[in-house]
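Given as structure tokens, the chain that follows is alone and in the form predicted alone.
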């Protein structure tokens, strides 16, 4: 077989784009994506938060790549004049039994090497956000927000300028290894490479199974509401985290509008997860959740009214843990010579994107 590329990257979300860009500095890289454009799924339907790294167990890939990725991402955004803001974040305890969780996060953050982190006592809280209530909080100054679409546009442009080639509307239907090379078959053609990197997000388990590496990936839907009232809240506010996520939190979007969410709702895998060109999808933002969101946000922003919440959007994340299960780490590994899997890349996948790219490069 004649080699078309040194490396084929499957999936053009923010992590696939980061990997393709990083590797295109040294190798010939082909990027295949089943959608009509890059970043149309999980990468463009999230909170657009640059996480600090406090939430992940010390020593885990999520912790290491988030802390490293935070620094790399700010540097990249600044160098390329991409819209972003280092806002800081408060993680707030509103019940007495939540203060222990805040202290645990503080200790874990220090162990993970998170910079600019400190405990905020109750009397100090209103200095940060006059509208807020709480008993105790953790401040992380390295948390921020960005426009993920501008980031992906930049990564894609740099990838193409490095000589990378992208194919869209190219759903992968088969992968075979022959004579030490990989033959990747899409609905449009066949491509041969020495290395294949699976960064297919919600569909990474399907791609992996084509080479008999089987994983259970679960879909978790999260809804978002925006706040119509003008609150003076310049930074992110999170509750003490829950078992299956970070809780319903409040995030200022890069345009200044306040966003609330996401929740965690495990759903059946349904294709397509987002409306296609014909509008086909069983999922949509769920306005019936408004009261639940209101009750959660009112705990630390008591002046909010239920009618201030307006349904905005939803996103679906690939999770390795079933509902009710404990923390599961990213899977980023070389399964066999030349085949690298990225499975269960949910949050902090956006923050970690450039660090993930370097991690994958080191696996080669």
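Worth saying up front: this structure is predicted, and the values here are computed from it rather than measured. Positions refer to the first chain, counted from 1.
The form predicted together with a small molecule is left out here; the points below concern that form.
With respect to the small molecule in the predicted complex, the three residues 43, 171 and 316 uniformly fall within 4.5 angstroms at the level of their nearest heavy atom.
Taking the partner from the other structure, the small molecule in the predicted complex has no heavy atom within 4.5 Å of any heavy atom of residue 23.
Among heavy atoms of residue 92, none comes within 4.5 Å of the small molecule in the predicted complex. Taking the partner from elsewhere, residue 34 is found to have a heavy atom lying within 4.5 Å of the small molecule in the predicted complex. Interface membership of residue 224, defined by any non-hydrogen atom within 4.5 Å of the small molecule in the predicted complex, is confirmed.
Considering the small molecule in the predicted complex, the lone stretch of 284-292, 103-111, 77-85, 171-179 in range is 171-179 [heavy atom distance within 4.5 Å].
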